[in-house]
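One chain comes next, on its own, written out as structure tokens in the form predicted alone.
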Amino acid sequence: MLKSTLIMLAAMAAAPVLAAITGRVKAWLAGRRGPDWTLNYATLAKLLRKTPVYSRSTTYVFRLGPLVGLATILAALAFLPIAGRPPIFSFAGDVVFVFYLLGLGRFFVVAAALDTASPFEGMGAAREALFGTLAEATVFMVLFLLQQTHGGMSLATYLAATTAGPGMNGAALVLAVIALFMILLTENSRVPVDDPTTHLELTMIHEVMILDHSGPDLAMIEMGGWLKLLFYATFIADIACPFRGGPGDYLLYILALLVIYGGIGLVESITARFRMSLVPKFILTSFALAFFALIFTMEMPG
């Protein structure tokens, strides 16, 4: 457990700089220098030094939103194998528990946005709830796919190198990875679902929900976002890469993360943000890919 804890802490410490890879890739493709690698750490330090400001219309729900959001993603990471290593915690059925933990975090962030009584934040909260609900269908379809190929009902059974089963065939694996990458873009409010750099309230989803947060509360939201991105990137890496429990798995894991974060930057550089009416179709396309992956798995002999 100690080794798994140290690995998780190292991954958490690297989450801000990993998130910076996306910005650097976008800048490189645009012919610009890009942000400094330590910018996210400096942002966290600056926010932690500030005093939060609270509207008189908010209640304790508004203050709980960032705290619960960060706590739930931290708890979810403790159940996720990193580089194929066993997680800190594991039990039968934890696959449902982990993703409903993430749902709990989303609920409190949405509730905090609604607590401001702002129509703009309410609009973003409604979009977040809708798109999150659609994305859950794809996630649980992939989990059902993993249950079919590996058995059991825990993330360690599905993803840890010491307990992994025979795995999926090539077509199912490719479709599952693509579907999860689309969910990564959705759950982390990335292009083409959302634009994290926009300042137009009518087109924002995640950013509009946190307009009233400041200081340490905003720092928790930012850190939670980077950890959530790390969670889904690790989930994809554990499925896509053949971790065998050897020392080379750490390098393979890092390379996989670089490809995933770089892929996000590439997608955001060559893709325009969708109209809101097209976002549900994008998410449901990921569900269709996961469904076809399940069909290909059922056709496997034996």
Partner chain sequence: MSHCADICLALIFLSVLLGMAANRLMELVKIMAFQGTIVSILPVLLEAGQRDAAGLGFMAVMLTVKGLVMPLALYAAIKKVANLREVEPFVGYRASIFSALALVLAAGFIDRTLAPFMPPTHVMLMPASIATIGAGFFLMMARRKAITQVIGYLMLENGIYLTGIALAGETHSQRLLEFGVLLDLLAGVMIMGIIINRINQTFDDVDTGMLGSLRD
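All figures in this text were calculated on a predicted structure; none of them were measured in a lab. Numbering follows the first chain given and starts at 1.
This next part talks about the form predicted in complex with its partner chain, which is not shown.
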Per-stretch contact check against its partner chain in the predicted bound form, the hit in 217 to 225, 171 to 179, 73 to 81, 94 to 102 (non-hydrogen atom, 4.5 angstroms): 171 to 179
Just one of 11, 289, 19, 25 has a heavy atom within 4.5 Å of its partner chain in the predicted bound form. Which one? 289
Candidate spot 133, 143 and 156, all three in 4.5 Å heavy atom range of its partner chain in the predicted bound form? no
Residue contact check: residue 32 to its partner chain in the predicted bound form, 4.5 Å heavy atom: no
Indicate whether its partner chain has at least one heavy atom within 4.5 Å of a heavy atom of residue 277 in the predicted bound form. yes
